[in-house]
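For reference, the chain that follows is the form predicted on its own, supplied as C-alpha coordinates.
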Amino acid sequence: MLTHESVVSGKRISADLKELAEIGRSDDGGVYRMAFSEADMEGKDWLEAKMQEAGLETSRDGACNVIGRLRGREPDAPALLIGSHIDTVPCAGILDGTLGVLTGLECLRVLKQREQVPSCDIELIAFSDEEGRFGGMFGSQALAGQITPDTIHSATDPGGERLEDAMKALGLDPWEALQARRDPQSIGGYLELHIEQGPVLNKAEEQVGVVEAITGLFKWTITFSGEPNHAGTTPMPMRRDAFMGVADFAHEVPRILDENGSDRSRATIGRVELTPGSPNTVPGEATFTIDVRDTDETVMNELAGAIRKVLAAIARRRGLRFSYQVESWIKPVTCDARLVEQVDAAAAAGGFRYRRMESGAAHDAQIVASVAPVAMIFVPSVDGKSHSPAEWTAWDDIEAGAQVMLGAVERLAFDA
(Lines give C-alpha, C1' and ligand atoms only; values in the text may rest on other atoms or scores of the structure.)
Protein backbone atom coordinates (compact mmCIF):
# COMPACT_ATOMS: atom_id res chain seq x y z
CA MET A 1 0.00 0.00 0.00
CA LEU A 2 1.17 3.54 -0.61
CA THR A 3 2.45 5.36 2.43
CA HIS A 4 1.23 8.87 1.64
CA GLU A 5 -2.27 10.22 1.32
CA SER A 6 -3.74 10.45 -2.16
CA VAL A 7 -6.55 12.89 -2.80
CA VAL A 8 -9.02 13.06 -5.65
CA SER A 9 -10.10 16.39 -7.12
CA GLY A 10 -13.80 17.10 -6.74
CA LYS A 11 -13.41 20.04 -9.11
CA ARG A 12 -12.15 17.81 -11.91
CA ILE A 13 -14.93 15.29 -11.37
CA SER A 14 -17.46 18.13 -11.39
CA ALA A 15 -16.05 19.58 -14.61
CA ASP A 16 -16.14 16.16 -16.31
CA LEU A 17 -19.74 15.56 -15.22
CA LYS A 18 -20.85 18.93 -16.54
CA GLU A 19 -19.13 18.40 -19.91
CA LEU A 20 -20.47 14.90 -20.47
CA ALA A 21 -23.96 15.96 -19.33
CA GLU A 22 -24.21 18.26 -22.35
CA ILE A 23 -23.85 15.31 -24.74
CA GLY A 24 -27.38 14.08 -25.37
CA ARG A 25 -29.01 16.85 -23.35
CA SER A 26 -32.60 17.63 -24.38
CA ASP A 27 -34.86 20.64 -23.83
CA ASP A 28 -36.78 18.72 -21.15
CA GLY A 29 -33.63 18.67 -19.00
CA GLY A 30 -33.04 14.95 -19.44
CA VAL A 31 -30.04 13.24 -20.98
CA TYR A 32 -30.70 11.00 -23.99
CA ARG A 33 -27.57 8.95 -24.56
CA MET A 34 -29.14 5.59 -25.34
CA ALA A 35 -26.83 2.77 -26.41
CA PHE A 36 -25.52 2.86 -29.97
CA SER A 37 -27.12 6.22 -30.72
CA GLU A 38 -25.21 9.16 -32.16
CA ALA A 39 -25.13 10.76 -28.70
CA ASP A 40 -23.76 7.57 -27.17
CA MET A 41 -20.94 7.47 -29.70
CA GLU A 42 -20.19 11.15 -29.14
CA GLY A 43 -19.97 10.40 -25.42
CA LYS A 44 -17.57 7.52 -26.10
CA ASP A 45 -15.39 9.79 -28.24
CA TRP A 46 -15.36 12.41 -25.47
CA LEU A 47 -14.41 9.82 -22.85
CA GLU A 48 -11.64 8.34 -24.97
CA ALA A 49 -10.16 11.81 -25.48
CA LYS A 50 -10.26 12.42 -21.71
CA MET A 51 -8.50 9.13 -21.08
CA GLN A 52 -5.77 10.06 -23.56
CA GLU A 53 -5.46 13.49 -21.97
CA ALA A 54 -4.87 11.71 -18.64
CA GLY A 55 -2.02 9.70 -20.20
CA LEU A 56 -3.83 6.39 -20.44
CA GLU A 57 -3.52 3.94 -23.32
CA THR A 58 -6.93 3.69 -24.98
CA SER A 59 -8.77 1.15 -27.10
CA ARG A 60 -12.24 -0.15 -27.92
CA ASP A 61 -13.12 -3.81 -28.10
CA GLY A 62 -15.61 -5.47 -30.43
CA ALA A 63 -18.56 -4.56 -28.18
CA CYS A 64 -17.47 -0.90 -28.39
CA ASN A 65 -16.47 -0.86 -24.73
CA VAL A 66 -14.13 2.12 -24.18
CA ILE A 67 -10.98 1.10 -22.31
CA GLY A 68 -8.23 3.18 -20.71
CA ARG A 69 -5.19 1.36 -19.38
CA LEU A 70 -2.58 2.39 -16.83
CA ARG A 71 0.38 0.05 -17.27
CA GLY A 72 1.81 -1.80 -14.29
CA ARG A 73 5.24 -3.24 -13.62
CA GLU A 74 4.19 -6.83 -14.26
CA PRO A 75 2.62 -7.06 -17.73
CA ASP A 76 1.53 -10.67 -17.23
CA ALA A 77 -0.14 -10.07 -13.87
CA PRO A 78 -3.96 -10.15 -13.79
CA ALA A 79 -5.31 -6.63 -14.29
CA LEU A 80 -7.50 -4.70 -11.87
CA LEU A 81 -10.57 -3.39 -13.69
CA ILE A 82 -12.66 -0.34 -12.76
CA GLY A 83 -15.87 0.13 -14.68
CA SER A 84 -19.44 1.17 -15.23
CA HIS A 85 -21.30 2.73 -18.17
CA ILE A 86 -22.11 6.11 -19.75
CA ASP A 87 -25.18 5.10 -21.79
CA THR A 88 -28.52 6.25 -20.35
CA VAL A 89 -32.21 5.54 -20.28
CA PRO A 90 -34.36 8.11 -22.09
CA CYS A 91 -34.71 11.35 -20.10
CA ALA A 92 -31.97 10.35 -17.66
CA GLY A 93 -30.05 12.23 -15.01
CA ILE A 94 -26.36 12.97 -15.26
CA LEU A 95 -25.00 10.46 -12.72
CA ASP A 96 -26.12 6.81 -12.79
CA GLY A 97 -23.26 4.73 -14.28
CA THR A 98 -21.52 7.83 -15.58
CA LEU A 99 -20.36 8.79 -12.10
CA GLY A 100 -18.60 5.44 -11.73
CA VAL A 101 -16.70 5.92 -14.98
CA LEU A 102 -15.68 9.49 -14.18
CA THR A 103 -14.58 8.78 -10.62
CA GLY A 104 -12.56 5.89 -12.02
CA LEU A 105 -11.00 8.30 -14.50
CA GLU A 106 -10.13 10.68 -11.68
CA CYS A 107 -8.50 7.87 -9.66
CA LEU A 108 -6.29 6.93 -12.61
CA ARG A 109 -5.42 10.61 -13.17
CA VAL A 110 -4.20 10.83 -9.57
CA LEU A 111 -2.13 7.66 -9.94
CA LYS A 112 -0.68 8.78 -13.27
CA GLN A 113 0.24 12.24 -12.02
CA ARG A 114 1.92 10.74 -8.98
CA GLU A 115 4.21 8.79 -11.33
CA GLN A 116 4.13 5.69 -9.17
CA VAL A 117 3.63 2.51 -11.14
CA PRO A 118 1.14 -0.08 -9.91
CA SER A 119 2.14 -3.72 -9.61
CA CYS A 120 -0.46 -4.72 -12.23
CA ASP A 121 -2.25 -3.01 -15.08
CA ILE A 122 -5.31 -0.99 -14.05
CA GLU A 123 -8.05 -0.65 -16.67
CA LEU A 124 -11.00 1.70 -16.73
CA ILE A 125 -13.88 0.33 -18.82
CA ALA A 126 -17.07 2.08 -19.93
CA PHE A 127 -19.37 -0.79 -20.89
CA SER A 128 -21.86 -0.58 -23.78
CA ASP A 129 -25.64 -0.80 -23.33
CA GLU A 130 -25.88 -1.44 -19.61
CA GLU A 131 -29.23 0.35 -19.50
CA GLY A 132 -31.04 -2.05 -21.78
CA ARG A 133 -31.90 -0.45 -25.08
CA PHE A 134 -31.06 -3.82 -26.66
CA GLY A 135 -31.56 -5.95 -23.58
CA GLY A 136 -28.91 -4.58 -21.23
CA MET A 137 -25.42 -5.53 -20.04
CA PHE A 138 -24.23 -6.03 -23.61
CA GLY A 139 -20.68 -4.78 -23.05
CA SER A 140 -20.07 -6.67 -19.81
CA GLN A 141 -21.66 -9.80 -21.25
CA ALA A 142 -19.28 -9.56 -24.21
CA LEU A 143 -16.31 -9.28 -21.85
CA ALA A 144 -17.58 -12.29 -19.87
CA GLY A 145 -18.08 -14.39 -23.00
CA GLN A 146 -21.87 -14.49 -22.68
CA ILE A 147 -22.63 -13.06 -26.14
CA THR A 148 -23.69 -15.51 -28.85
CA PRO A 149 -24.53 -15.06 -32.55
CA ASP A 150 -28.20 -15.31 -31.58
CA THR A 151 -27.75 -12.38 -29.17
CA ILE A 152 -26.48 -10.24 -32.01
CA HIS A 153 -29.10 -11.37 -34.49
CA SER A 154 -32.20 -11.27 -32.30
CA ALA A 155 -31.69 -8.28 -29.98
CA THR A 156 -34.04 -5.37 -30.70
CA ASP A 157 -34.93 -2.15 -28.95
CA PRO A 158 -38.48 -1.18 -27.85
CA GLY A 159 -39.05 0.49 -31.23
CA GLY A 160 -38.15 -2.68 -33.12
CA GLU A 161 -34.71 -1.58 -34.35
CA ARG A 162 -32.23 -4.45 -34.41
CA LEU A 163 -28.93 -4.23 -32.53
CA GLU A 164 -27.20 -5.53 -35.64
CA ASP A 165 -28.60 -2.71 -37.77
CA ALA A 166 -27.89 -0.01 -35.20
CA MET A 167 -24.23 -1.04 -34.93
CA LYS A 168 -23.79 -1.29 -38.68
CA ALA A 169 -25.26 2.19 -39.12
CA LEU A 170 -22.45 3.49 -36.90
CA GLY A 171 -19.77 1.69 -38.91
CA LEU A 172 -19.37 -1.10 -36.35
CA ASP A 173 -19.21 -4.81 -37.07
CA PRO A 174 -21.58 -6.43 -34.54
CA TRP A 175 -19.91 -9.83 -34.96
CA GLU A 176 -16.71 -8.45 -33.46
CA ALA A 177 -18.51 -8.40 -30.10
CA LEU A 178 -17.89 -12.14 -30.02
CA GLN A 179 -14.16 -11.38 -29.85
CA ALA A 180 -14.44 -9.09 -26.79
CA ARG A 181 -14.29 -12.02 -24.37
CA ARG A 182 -11.49 -11.82 -21.79
CA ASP A 183 -9.59 -14.73 -20.37
CA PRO A 184 -10.73 -14.90 -16.72
CA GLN A 185 -7.12 -15.54 -15.71
CA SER A 186 -6.24 -12.06 -17.02
CA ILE A 187 -8.57 -10.29 -14.55
CA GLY A 188 -7.56 -9.99 -10.91
CA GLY A 189 -10.66 -8.11 -9.77
CA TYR A 190 -13.30 -5.56 -10.67
CA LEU A 191 -14.47 -2.47 -8.79
CA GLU A 192 -17.53 -0.36 -9.64
CA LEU A 193 -18.81 2.85 -8.08
CA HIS A 194 -22.47 3.71 -8.61
CA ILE A 195 -25.18 5.89 -7.16
CA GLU A 196 -27.37 3.83 -4.85
CA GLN A 197 -30.58 4.53 -6.83
CA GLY A 198 -32.47 4.07 -3.59
CA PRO A 199 -33.09 5.96 -0.32
CA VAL A 200 -31.14 3.96 2.29
CA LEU A 201 -27.89 5.93 2.48
CA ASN A 202 -29.61 9.28 2.08
CA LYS A 203 -32.10 8.62 4.88
CA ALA A 204 -29.35 7.32 7.15
CA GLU A 205 -27.16 10.37 6.34
CA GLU A 206 -24.27 8.09 5.39
CA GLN A 207 -21.77 8.87 2.64
CA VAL A 208 -20.73 5.47 1.31
CA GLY A 209 -22.20 2.03 0.89
CA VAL A 210 -19.92 -1.01 0.82
CA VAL A 211 -21.89 -3.49 -1.28
CA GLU A 212 -21.82 -7.11 -0.13
CA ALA A 213 -24.37 -8.60 -2.54
CA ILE A 214 -26.19 -7.66 -5.74
CA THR A 215 -29.76 -8.69 -6.31
CA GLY A 216 -30.76 -11.23 -8.92
CA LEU A 217 -33.74 -10.57 -11.14
CA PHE A 218 -35.99 -12.09 -13.72
CA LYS A 219 -38.24 -10.35 -16.20
CA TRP A 220 -41.21 -11.94 -17.91
CA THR A 221 -43.62 -10.74 -20.54
CA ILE A 222 -47.00 -12.32 -19.76
CA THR A 223 -50.10 -12.47 -21.95
CA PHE A 224 -53.68 -13.22 -20.94
CA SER A 225 -55.88 -14.07 -23.93
CA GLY A 226 -59.66 -13.87 -23.71
CA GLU A 227 -62.32 -12.66 -26.11
CA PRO A 228 -62.85 -9.10 -27.39
CA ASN A 229 -66.49 -8.05 -27.28
CA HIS A 230 -68.85 -5.08 -27.12
CA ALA A 231 -68.64 -3.12 -23.88
CA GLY A 232 -72.37 -2.38 -23.83
CA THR A 233 -73.96 -5.60 -24.94
CA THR A 234 -71.80 -8.21 -23.20
CA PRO A 235 -73.06 -9.00 -19.67
CA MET A 236 -70.40 -8.97 -16.99
CA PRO A 237 -70.73 -12.70 -16.09
CA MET A 238 -70.34 -13.65 -19.78
CA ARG A 239 -67.11 -11.78 -20.40
CA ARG A 240 -63.65 -13.24 -20.94
CA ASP A 241 -61.94 -9.96 -20.08
CA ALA A 242 -58.16 -10.26 -20.40
CA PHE A 243 -57.57 -7.12 -18.36
CA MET A 244 -59.38 -8.57 -15.37
CA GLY A 245 -56.73 -11.29 -15.39
CA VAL A 246 -54.07 -8.59 -14.98
CA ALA A 247 -56.08 -6.88 -12.25
CA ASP A 248 -56.50 -10.14 -10.34
CA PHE A 249 -52.80 -10.91 -10.67
CA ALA A 250 -51.74 -7.45 -9.48
CA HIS A 251 -53.88 -7.95 -6.39
CA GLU A 252 -52.11 -11.27 -5.72
CA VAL A 253 -48.55 -9.91 -5.94
CA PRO A 254 -48.25 -8.82 -2.26
CA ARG A 255 -49.48 -12.23 -1.11
CA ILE A 256 -46.99 -14.01 -3.38
CA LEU A 257 -44.14 -11.99 -1.88
CA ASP A 258 -45.36 -12.54 1.69
CA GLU A 259 -45.68 -16.30 1.28
CA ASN A 260 -42.78 -17.11 -1.05
CA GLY A 261 -40.36 -14.19 -0.87
CA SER A 262 -38.06 -12.56 1.65
CA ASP A 263 -37.71 -9.07 3.06
CA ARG A 264 -35.41 -8.39 0.07
CA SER A 265 -37.97 -9.48 -2.55
CA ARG A 266 -39.40 -6.98 -5.02
CA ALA A 267 -41.97 -7.42 -7.78
CA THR A 268 -43.11 -4.76 -10.25
CA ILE A 269 -45.64 -4.72 -13.07
CA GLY A 270 -44.12 -2.01 -15.24
CA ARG A 271 -46.11 -2.06 -18.46
CA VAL A 272 -49.59 -3.17 -19.53
CA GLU A 273 -50.86 -3.19 -23.12
CA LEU A 274 -54.47 -3.98 -24.04
CA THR A 275 -55.81 -5.20 -27.37
CA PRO A 276 -57.80 -3.96 -29.22
CA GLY A 277 -57.38 -0.95 -26.93
CA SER A 278 -60.75 0.62 -27.70
CA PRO A 279 -62.74 2.42 -24.95
CA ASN A 280 -65.91 0.54 -25.86
CA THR A 281 -64.42 -2.93 -26.32
CA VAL A 282 -63.79 -5.64 -23.73
CA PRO A 283 -60.04 -6.35 -23.97
CA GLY A 284 -59.39 -9.64 -25.74
CA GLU A 285 -55.72 -9.66 -24.92
CA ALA A 286 -53.61 -8.13 -22.15
CA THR A 287 -49.83 -8.23 -22.24
CA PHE A 288 -47.81 -7.05 -19.24
CA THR A 289 -44.34 -7.25 -17.78
CA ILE A 290 -43.21 -8.32 -14.36
CA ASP A 291 -39.80 -7.65 -12.84
CA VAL A 292 -38.93 -9.80 -9.80
CA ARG A 293 -35.81 -9.44 -7.65
CA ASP A 294 -34.12 -11.07 -4.68
CA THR A 295 -30.57 -11.69 -3.49
CA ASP A 296 -31.20 -15.45 -3.15
CA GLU A 297 -31.70 -17.50 -6.32
CA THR A 298 -33.61 -20.17 -4.40
CA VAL A 299 -36.15 -17.52 -3.42
CA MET A 300 -36.27 -16.32 -7.02
CA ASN A 301 -37.15 -19.84 -8.16
CA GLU A 302 -39.84 -20.13 -5.50
CA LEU A 303 -41.34 -16.82 -6.59
CA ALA A 304 -41.30 -17.89 -10.24
CA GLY A 305 -43.13 -21.10 -9.37
CA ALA A 306 -45.71 -19.26 -7.27
CA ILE A 307 -46.33 -16.76 -10.06
CA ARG A 308 -46.98 -19.54 -12.57
CA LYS A 309 -49.51 -21.18 -10.22
CA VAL A 310 -51.35 -17.91 -9.66
CA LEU A 311 -51.47 -17.18 -13.39
CA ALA A 312 -52.90 -20.62 -14.06
CA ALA A 313 -55.54 -20.25 -11.35
CA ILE A 314 -56.62 -16.84 -12.62
CA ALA A 315 -56.80 -18.10 -16.19
CA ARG A 316 -59.08 -20.99 -15.16
CA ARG A 317 -61.33 -18.75 -13.09
CA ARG A 318 -61.65 -16.07 -15.78
CA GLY A 319 -61.90 -18.38 -18.79
CA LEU A 320 -58.60 -17.09 -20.19
CA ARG A 321 -55.42 -18.55 -21.61
CA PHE A 322 -52.03 -17.36 -20.47
CA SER A 323 -48.47 -17.56 -21.78
CA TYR A 324 -45.21 -16.01 -20.69
CA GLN A 325 -41.85 -15.25 -22.23
CA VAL A 326 -38.72 -15.18 -20.06
CA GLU A 327 -36.93 -12.00 -21.11
CA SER A 328 -34.02 -12.32 -18.69
CA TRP A 329 -32.76 -14.25 -15.68
CA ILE A 330 -29.79 -12.68 -13.92
CA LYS A 331 -28.38 -14.55 -10.97
CA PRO A 332 -27.71 -12.75 -7.68
CA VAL A 333 -24.08 -12.19 -6.82
CA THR A 334 -22.19 -12.21 -3.54
CA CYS A 335 -19.31 -9.76 -3.74
CA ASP A 336 -15.79 -11.07 -3.18
CA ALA A 337 -14.92 -11.03 0.54
CA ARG A 338 -11.33 -9.87 0.01
CA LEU A 339 -12.33 -6.98 -2.24
CA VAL A 340 -15.15 -5.98 0.11
CA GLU A 341 -12.71 -5.89 3.02
CA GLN A 342 -10.40 -3.58 1.08
CA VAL A 343 -13.26 -1.22 0.21
CA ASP A 344 -14.37 -1.30 3.85
CA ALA A 345 -10.82 -0.52 4.99
CA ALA A 346 -10.60 2.42 2.58
CA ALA A 347 -13.90 3.83 3.86
CA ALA A 348 -12.81 3.44 7.47
CA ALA A 349 -9.39 4.97 6.81
CA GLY A 350 -11.02 8.00 5.23
CA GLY A 351 -13.23 8.55 8.26
CA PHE A 352 -16.38 8.43 6.15
CA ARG A 353 -19.84 7.52 7.40
CA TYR A 354 -20.56 4.20 5.73
CA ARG A 355 -22.41 0.92 5.98
CA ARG A 356 -22.36 -2.50 4.41
CA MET A 357 -25.42 -3.12 2.28
CA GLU A 358 -26.98 -4.93 -0.65
CA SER A 359 -27.76 -3.62 -4.12
CA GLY A 360 -31.39 -3.80 -5.23
CA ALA A 361 -30.45 -2.90 -8.81
CA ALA A 362 -28.50 -4.93 -11.34
CA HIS A 363 -25.11 -3.67 -12.51
CA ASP A 364 -22.29 -4.63 -14.85
CA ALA A 365 -20.49 -5.98 -11.77
CA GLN A 366 -23.07 -8.76 -11.70
CA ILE A 367 -21.98 -9.99 -15.12
CA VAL A 368 -18.26 -9.52 -14.53
CA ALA A 369 -18.65 -11.63 -11.38
CA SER A 370 -19.01 -14.69 -13.61
CA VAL A 371 -15.34 -14.36 -14.58
CA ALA A 372 -13.68 -12.34 -11.79
CA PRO A 373 -13.99 -11.23 -8.16
CA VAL A 374 -16.06 -8.04 -7.82
CA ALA A 375 -16.95 -5.36 -5.30
CA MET A 376 -19.05 -2.20 -5.48
CA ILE A 377 -19.15 1.20 -3.82
CA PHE A 378 -22.40 3.16 -3.46
CA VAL A 379 -22.89 6.87 -2.88
CA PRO A 380 -26.25 8.30 -1.74
CA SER A 381 -29.05 9.26 -4.09
CA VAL A 382 -30.90 12.34 -2.82
CA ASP A 383 -34.46 11.21 -1.98
CA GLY A 384 -33.60 7.88 -3.62
CA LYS A 385 -34.24 9.29 -7.11
CA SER A 386 -32.67 7.81 -10.24
CA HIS A 387 -33.33 7.40 -13.96
CA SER A 388 -34.67 10.95 -14.09
CA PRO A 389 -33.26 14.49 -14.34
CA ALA A 390 -33.97 14.77 -10.59
CA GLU A 391 -31.28 12.24 -9.62
CA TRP A 392 -28.51 13.83 -7.62
CA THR A 393 -25.72 13.15 -5.11
CA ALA A 394 -24.16 15.81 -2.90
CA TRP A 395 -20.68 16.86 -4.00
CA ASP A 396 -19.05 15.89 -0.70
CA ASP A 397 -20.56 12.41 -1.01
CA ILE A 398 -19.27 12.13 -4.58
CA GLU A 399 -15.79 13.04 -3.34
CA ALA A 400 -16.11 10.55 -0.49
CA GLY A 401 -17.00 7.74 -2.88
CA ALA A 402 -14.18 8.64 -5.24
CA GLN A 403 -11.72 8.73 -2.35
CA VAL A 404 -12.86 5.29 -1.17
CA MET A 405 -12.40 3.99 -4.72
CA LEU A 406 -8.88 5.39 -4.85
CA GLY A 407 -8.07 3.90 -1.46
CA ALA A 408 -9.33 0.49 -2.55
CA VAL A 409 -7.31 0.66 -5.78
CA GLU A 410 -4.19 1.55 -3.80
CA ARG A 411 -4.70 -1.43 -1.55
CA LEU A 412 -5.29 -3.82 -4.45
CA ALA A 413 -2.85 -2.66 -7.13
CA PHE A 414 0.17 -1.39 -5.21
CA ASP A 415 2.67 -3.30 -3.14
CA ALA A 416 2.17 -3.22 0.61
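For every residue, the number given is its place in the sequence shown, counted from 1. Given the structure is predicted, the values throughout are model-derived calculations rather than measurements.
This next part talks about the form predicted together with a further copy of the same chain, which is not shown.
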Is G198 one of the residues lying within 4.5 Å of a further copy of the same chain in the predicted bound form, judged by heavy atom distances? yes
Is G360 a contact residue for a further copy of the same chain in the predicted bound form, using a 4.5 Å heavy atom cut-off? yes
is_contact(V272, a further copy of the same chain) in the predicted bound form, heavy atom dist at most 4.5 Å: yes
Is there a heavy atom of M238 lying 4.5 Å or less from a heavy atom of a further copy of the same chain in the predicted bound form? yes
Which of these residues, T148, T156, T281, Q325, gets a heavy atom within 4.5 Å of a further copy of the same chain in the predicted bound form? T281
Answer key: of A231, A304, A345, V117, within 4.5 Å of a further copy of the same chain in the predicted bound form (heavy atoms) is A231
Can you pick the stretch from 206-214, 185-193, 273-281, 335-343 whose heavy atoms fall within 4.5 Å of a further copy of the same chain in the predicted bound form? 273-281
